[in-house]
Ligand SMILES: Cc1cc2nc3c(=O)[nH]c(=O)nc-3n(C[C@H](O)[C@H](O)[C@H](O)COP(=O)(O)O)c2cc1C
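Shown next as structure tokens: one chain only, the form predicted alone.
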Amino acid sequence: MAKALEDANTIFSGQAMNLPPIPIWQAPTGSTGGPKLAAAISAAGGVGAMGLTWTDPEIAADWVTEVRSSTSNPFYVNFVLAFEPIALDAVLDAGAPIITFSWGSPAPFVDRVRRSGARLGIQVFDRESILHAIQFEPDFLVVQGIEAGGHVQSRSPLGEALMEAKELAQGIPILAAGGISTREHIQETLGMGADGVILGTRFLATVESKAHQEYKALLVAHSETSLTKCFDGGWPNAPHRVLRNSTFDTWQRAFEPLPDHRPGEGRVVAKTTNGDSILRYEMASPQEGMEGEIEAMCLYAGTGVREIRGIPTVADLLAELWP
């Protein structure tokens, strides 16, 4: 694994920032991540992340500033390009050191990222997406496997996608994401040629994550996931991997009806801390402070959830995952 560490550090060669001593990166898990978790991961030697696609630009900039004030180590911000990256300029102006893009072509935004001095990563999942991404000369690629939790672009197992990326990437460093949650998973993935790994679900089940406590407990207690389009409120037709729960089971027993015909559709299942309603089948996942039927909400989880046994601190988890 020493060679993998050396290779992972090349992602940042020539950049005036500390190198990550551990080639374990956080997946940008949106609202259940946040600055506290990202900062804890980076401070402990990994690379933290924030998914800020739907975040107000002012708040997004404040969160970047918060992470930068908490650690001098690198972290990154992701934008899902199925939506307008409204906070991109704000986070670059605030000093985000690394930007990644997923679910769309980064062509309109690459020059802006380069001008800021930030590093660029692009998520890929098949031959076409890899060939499209490398024309922008990214600093690294993120290869997603179908085992990933959350919204899933990939249609192939991680091993297959990784091998294709290694063949086509022309020496660009590659981070592998999807179903990774243990030291053994990490060793196996690095052994297949990845320069680093990305973990999402495993970091949700930590003390520092913003996930609701009941959500964390469900990640520990359950092991069965499904790749589905059940929770499509807010992002129609985007496949996502989730824990099976009461909403999913009821929908499946009804033979998976289309929107506007689903059991309990339009019913409020939870409330945010601001009192906003979350309806059944919405893509929002449970955050701390929410109240209601937490179990019935969208519970993103990758296949690696079956290996989660507890809710440690980030520092303890990284010590367990990396020698």
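Numbers for residues come from their place in the sequence shown, where the first is 1. It should be emphasised that the depicted structure is a prediction, and the values quoted were computed from it without experimental measurement.
What follows is about the form predicted in complex with the named molecule, which we do not show.
- Within 4.5 Å of the named molecule in the predicted complex, a heavy atom is found for all three of Thr29, Gln144 and Ile198.
- Figure note: of the listed segments 172-180, 89-97, 132-140, 246-254, the one touching the named molecule in the predicted complex, with heavy atoms no more than 4.5 Å away, is 172-180.
- Taking the partner from the other structure, the named molecule in the predicted complex has a heavy atom within 4.5 Å of a heavy atom of Gly51.
- When the named molecule is considered in the predicted complex, Val80 lines it closely, a heavy atom lying within 4.5 Å.
- The named molecule in the predicted complex comes within 4.5 Å of a heavy atom belonging to Gly150.
- Using a 4.5 angstroms limit between non-hydrogen atoms, Pro23 is distant from the named molecule in the predicted complex.
- The contact with the named molecule in the predicted complex, taken as any heavy atom within 4.5 Å, belongs to Ser102 out of Thr189, Asn73, Ser102, Ser209.
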